[in-house]
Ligand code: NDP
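As a starting point, one isolated chain is supplied in structure tokens, in the form predicted alone.
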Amino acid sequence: MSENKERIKCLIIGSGPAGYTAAIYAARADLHPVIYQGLQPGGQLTITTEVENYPGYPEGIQGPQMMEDFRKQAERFGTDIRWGLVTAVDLSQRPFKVTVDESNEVFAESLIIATGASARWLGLESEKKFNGFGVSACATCDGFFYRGMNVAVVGGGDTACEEAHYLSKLAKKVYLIHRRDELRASKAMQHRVMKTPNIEIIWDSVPLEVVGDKTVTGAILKNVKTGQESKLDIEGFFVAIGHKPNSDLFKGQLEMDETGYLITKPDSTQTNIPGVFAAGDIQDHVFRQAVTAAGSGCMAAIEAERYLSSLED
């Protein structure tokens, strides 16, 4: 093939814990993996401050530094890590045609998709300002830092209720802020929240602004029925209005659920197309942790290696 029709044995799209771990395993299996990093090299952890729950870092580590460590380890074994955004894929035949930055075409014998999912945010400027300094989209990741403090969770679905319940075991007080007068969560989750003494639901309210100095000290709320504004004194502000899987590229080609998460076979990272694997948050809407993403990246690389070996038999 000509230079702009490059053929790649194992192509990985995405560079978070899943993508980098897949690269480490694929490189050690002599698959000569190539990673295209995408818009956010390192994934969601690059906008996370302290990570304390990943094994092997007893003192904790900054999210961006951790992803730098992952990247260096992948490079050490020969991974070709490239800048570039995958803008189109054609999975109708092998090798799979992948278009990068709208013009450069490469062809992949196997494909590992690790494009992740993005937290849905409220769209407040102050939310961006304090992201990592009191504002979070993951209670399981960051809840420990708010032990004994007052925190708020925004949302009314199962995710919000789960986050509030999780935080109730750590925080002094948890305010659940919801724009309606009833929760959207399942009845079981609603009951769990209602009977937890240190969770208080603030109905019919939306956050207008997160306030603070270097870190969050409060939130300005507006009652949607009365228009009245009030200040809530909190030290942690958790947005739990869902995640959007970064799967638009694969619509019409790969099986996905109603919200866009890629569907993989049980106990596998294999998608509905042989040779195409999905790892990390792009196919996991339950756990969404760095360590589980890394685990599935390992699985994807091992399955890709077995798939390529089966073609040679």
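Just so we're clear, the structure is a prediction, and the values are computed from it rather than from any experiment. All residue numbers refer to positions in the sequence shown, first residue = 1.
Not on display, but discussed next: the form predicted in complex with the named molecule.
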property	result
Non-hydrogen atom within 4.5 angstroms of the named molecule in the predicted bound form for each of L122, G157 and M189	yes
Proximity to the named molecule in the predicted bound form, single hit among K225, R180, K231, K214 (heavy atom within 4.5 Å)	R180
Option touching the named molecule, based on a heavy atom within 4.5 Å in the predicted bound form, out of A240, V210, L111, V151	A240
Stretch in contact in the predicted bound form with the named molecule, which is absent here, among 282-290, 34-42, 56-64, 247-255 (heavy atoms within 4.5 Å)	282-290
Partner proximity in the predicted bound form: E162 to the named molecule, non-hydrogen atom cutoff 4.5 Å	yes
K173: touches the named molecule in the predicted bound form, heavy atom cutoff 4.5 angstroms	no
4.5 Å heavy atom contact, R184 and the named molecule in the predicted bound form	yes
